[in-house]
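The chain below stands alone and is given in structure tokens; this is the form predicted alone.
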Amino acid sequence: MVITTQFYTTRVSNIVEQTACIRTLFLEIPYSYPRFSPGQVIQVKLAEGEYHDLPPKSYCICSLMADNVIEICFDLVNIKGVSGALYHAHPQQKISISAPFDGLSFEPPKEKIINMVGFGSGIGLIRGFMREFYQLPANWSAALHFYAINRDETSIPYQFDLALAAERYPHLEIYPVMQTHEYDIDDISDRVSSHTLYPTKSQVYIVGPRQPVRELRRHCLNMSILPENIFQVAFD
């Protein structure tokens, strides 16, 4: 049996340079495109130009359906690959995307404390989960701690948006963390632990490159945070 993936042609509506190596791409929602939510995965490939023969690459959606755009945030991983082509994309350029599938969805909080940790471009998806949390009924009063961590000494992705969110949303604390070279998981774990007084009543979302995500998950388990309360998205 051959499984085929339907692709939709869309266009780039906007591009935001978050840091020297991280971009946010906003895509028009194609006609008859299925509903989606932050954390779902789409395959992306170029619909035209010299890179259109490259195999598709998977990215997580960072936007809400109500935004009327499909937002992806990504690192420049390979200048000759899909990320390099998207990095140099221009407004109105045609892009092919698959229907959304699988991925990680935001779970309405069962507990009183939520820690969200985004590494690098993973901050984009964590921001999407944060915004989805604030779409819940007003009677949800869980404390929300958002750690935005980047290895770039110059900036944090979405820094301006996060500053506005910290002023706008109740129960939200945002902690920008600048690190260099390698992620210091011990330091991050200590920060999370400081807001995890009751580990069995805490939920943790972790998004970012595979190695720091795995290491932080291990630290969270050592804090006695329940495995079913740890949600993660790891990428290469």
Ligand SMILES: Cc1cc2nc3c(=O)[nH]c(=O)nc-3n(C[C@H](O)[C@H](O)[C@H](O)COP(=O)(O)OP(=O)(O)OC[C@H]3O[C@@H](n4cnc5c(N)ncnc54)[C@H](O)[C@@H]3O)c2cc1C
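From a predicted model like this one, the values you see are computed outputs, not experimental measurements. Numbering starts at 1 and runs along the sequence shown.
This next part talks about the form predicted in complex with this ligand, which is not shown.
- Within this chain, F74 lines the site of this ligand in the model of the complex, having a heavy atom no more than 4.5 Å away.
- Although the partner is absent here, V82 is a contact residue: one of its heavy atoms lies within 4.5 angstroms of this ligand in the model of the complex.
- Taking the partner from the other structure, this ligand in the model of the complex has a heavy atom within 4.5 Å of a heavy atom of R210.
- In the model of the complex, this ligand sits within 4.5 Å of a heavy atom of V41.
- Listed stretches are 83-91, 155-163, 141-149, 108-116; the contact stretch with this ligand in the model of the complex is 83-91, by a heavy atom cutoff of 4.5 Å.
- This chain is drawn without this ligand; in the model of the complex, the residue among K57, H171, K201, R191 with a heavy atom within 4.5 Å of it is K57.
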